[in-house]
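Presented as structure tokens, the chain that follows is alone, the form predicted alone.
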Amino acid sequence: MVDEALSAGAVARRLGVAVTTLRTWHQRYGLGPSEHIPGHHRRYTPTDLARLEIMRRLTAEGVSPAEAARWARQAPEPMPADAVARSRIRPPGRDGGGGTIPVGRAGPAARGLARAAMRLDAAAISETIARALTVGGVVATWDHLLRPVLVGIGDRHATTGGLIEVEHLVSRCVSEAFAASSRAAAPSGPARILLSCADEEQHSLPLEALGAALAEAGLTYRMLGARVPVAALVEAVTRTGPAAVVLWSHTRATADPTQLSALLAAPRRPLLVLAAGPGWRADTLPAGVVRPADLAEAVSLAVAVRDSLDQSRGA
């Protein structure tokens, strides 16, 4: 609880929702700021915040917005026990494993993003990601905000079969955020890094995170995306001559080491071949292939190749 009235932006950050969501709750359900100072915007009092917290919690657990608002307007009085019980009832076909996304020890921003994801609140999801990218950069956003939520969605789906719609919406928002980040950085010059998913690999978000991180570090790259057959990948390497190639595999099923061997045997063999992702096993990698431990190491290796090229050209 806070001791002073808050602006809409401050309340949105505290609850992990978009300002537009607060505006909707105000206009449709009367859950708006109650403190008014002439000549200034209305501000949210502690009582307003308590009501909004109930609204956020109940809608995240599957209660309809109108029903959640009805209970929220009764705050700060405690909700009746039967209301709490009904807020946890799941209709048939819903995820019986609970109405939240587990994020482990991740911080408040990840918990707020998880709540927004459960509400299918695209505006809040996008705002949260954009704010994190501005404040902490791509690597920190991926490691501390996005990965915990994406892993949590995957874990919940594995146990319940649900949250497919949540995963699709969050993935789209993440892709859009990384694309915007890459465009904003937009380093000039020829693309030195080639990014590709392994054959039949469809999980491309980590590769998109790497692309955004490379752009942020001032490196140009070319993205081939998901499900690239090895023949097409080798053809792209032969035609463009990248200094480094990153081949992403999320699962063992797509981590065929012969794809890496084909890269090493390409007519224009890259200086660096990275086998990125949990699908690859270190003991199956061909000699000369590097397996980065995480996003930060992949970026560091790419930067090292860029610097080595620059030094050799300047010599």
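Just so it is clear, the model here is predicted, and its values are computed rather than measured. Basically, rigid core = biggest C-alpha set you can superpose within 1.5 Å across the two forms. Residue indices: 1-based, along the sequence shown.
Note that the form predicted together with a further copy of the same chain isn't included here; everything after this is about it.
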property	result
Distance check, A10 to a further copy of the same chain in the predicted complex, heavy atom within 4.5 Å	yes
a further copy of the same chain contact in the predicted complex: R291, any heavy atom under 4.5 Å	no
Distance check, I164 to a further copy of the same chain in the predicted complex, heavy atom within 4.5 Å	yes
In the predicted complex, T159 touching a further copy of the same chain (heavy atom, 4.5 Å)	no
Contact assignment for a further copy of the same chain in the predicted complex, among A110, V228, I153, L219, heavy atom within 4.5 Å	V228
Single option in V103, V139, M118, A244 placed near a further copy of the same chain in the predicted complex, where near means a heavy atom within 4.5 Å	M118
Heavy atom of each of H168, R172 and M223 within 4.5 Å of a further copy of the same chain in the predicted complex	yes
Large Cα move at A298 between the shown form and the other one, threshold 2 Å, rigid core	no
Core-superposed C-alpha of L49 shifting 2 Å or more between the shown form and the other one	yes
Closer or farther in the predicted complex, the Cα atoms of R14 and L163, when the shift from this form is 3 Å or more	closer
Closer or farther in the predicted complex: C-alpha pair A18, A180 (3 angstroms or more)	farther
